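One chain follows as structure tokens, the form predicted on its own.
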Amino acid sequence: MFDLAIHGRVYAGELAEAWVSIKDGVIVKVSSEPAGRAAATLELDDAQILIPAATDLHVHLRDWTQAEKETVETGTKSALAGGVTTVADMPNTVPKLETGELVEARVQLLKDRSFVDFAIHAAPPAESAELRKIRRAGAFALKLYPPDLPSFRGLLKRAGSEGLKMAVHAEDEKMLAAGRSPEAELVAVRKILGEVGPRSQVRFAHLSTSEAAHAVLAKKQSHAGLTIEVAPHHLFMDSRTSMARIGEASRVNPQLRSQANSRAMRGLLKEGCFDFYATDHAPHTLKDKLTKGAPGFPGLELALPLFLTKTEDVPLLCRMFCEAPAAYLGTRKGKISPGYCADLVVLSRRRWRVDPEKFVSKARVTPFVGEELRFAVDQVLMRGSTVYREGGFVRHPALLAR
């Protein structure tokens, strides 16, 4: 007997009516007819579809000394509300995750308090010998910021030898004093591309310009390990619209770009040029946004419905936000297929407006404020159990992906 059977419109390579049978947290069968008896059955209505849960490769969960901005609990509840069951935490916490001891402490914090599964990026350590400790403590990748890029070549070699992937925030630090121009990103991308080898595993985080994307795409023809991650705000928002809505709180790194650039990025998106869709969920208080210019926006609750509202492309969403990032982390998630983890999202086609005051996240500033979206997350399952429904959360043990 199965633990659960779900019946309705299901995306399992294509969108069609199907039965999904689940036992012990794993999808056992996807079929056109009931596969057998089940202890419980979930019937979707005509407005609902079932898709794989998302994996977000770029999330800042804050906590520790920045708990006023976000905590692991509020951030990962926000993830569930947006249909995300795995997040990859970023290392620019306070203190920064640059030692094995701090990575170990971060892993324990998430095991104790996270509502979703997780992976950990580490920051480049002061001593290369620390890389092995960082990996053993549970980190899966290094994240490099602009000040780290002059050391890129050496870090890439040493990190690779320890089994650590590499993610880079590509902006040339010397050019940033004059403003975060598109050229600062392009210059950094070209420098990095000049130093990678044919087998280098490098993820370009939140690329914001079509010029930089084209540069990476050209190199990818001979360097298959290069991947491109794009964020919702660089695809679906522009600097002029954001300034009109939230003024000086529009700051994000890399910056929002022109309407023409956003159109060009969406063109590349439609052509299937990008590997990963990730939020760069970066929570800040309104005070810090306005008085300190703190960069970034919350994105976990909006990314999935925003993507579908703007594109109506379920297969592309599932590839970029579900299947590909899960495979990147080495987890059996992201597909509705036998043998895969039953992390699933029930979506409905219904209209709602973005109201940041209703966010689960502590962060309340987004340039998408007031926009009407046409898809909503109704229910989320992790390992076959409901963990989110109609604003209610259930916590199950969180697992580390490494």
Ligand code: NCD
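Worth saying up front: this structure is predicted, and the values here are computed from it rather than measured. The first residue of the sequence shown is number 1, and the count goes up from there.
There is another form of this protein, the form predicted in complex with N-carbamoyl-L-aspartate (NCD), and it is not shown here; the text below is about that form.
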query: Option touching N-carbamoyl-L-aspartate (NCD), based on a heavy atom within 4.5 Å in the model of the complex, out of Thr99, Asn92, Thr285, Thr309; finding: Asn92
query: In the model of the complex, the residue from Gly225, Gly160, Pro295, Pro315 that sits within 4.5 Å of N-carbamoyl-L-aspartate (NCD) by heavy atoms; finding: Pro295
query: Residue contact check: Val252 to N-carbamoyl-L-aspartate (NCD) in the model of the complex, 4.5 Å heavy atom; finding: yes
query: His169 within 4.5 Å of N-carbamoyl-L-aspartate (NCD) in the model of the complex, heavy atoms; finding: yes
query: Distance check, Glu185 to N-carbamoyl-L-aspartate (NCD) in the model of the complex, heavy atom within 4.5 Å; finding: no
query: Interface membership of Lys335, N-carbamoyl-L-aspartate (NCD) in the model of the complex, 4.5 Å heavy atom rule; finding: no
query: In the model of the complex, segment of 28-36, 54-62, 366-374, 347-355 with a heavy atom within 4.5 Å of N-carbamoyl-L-aspartate (NCD); finding: 54-62
query: Sequence-ordered residues of 128-165 touching N-carbamoyl-L-aspartate (NCD) in the model of the complex, heavy atom within 4.5 Å; finding: Tyr145
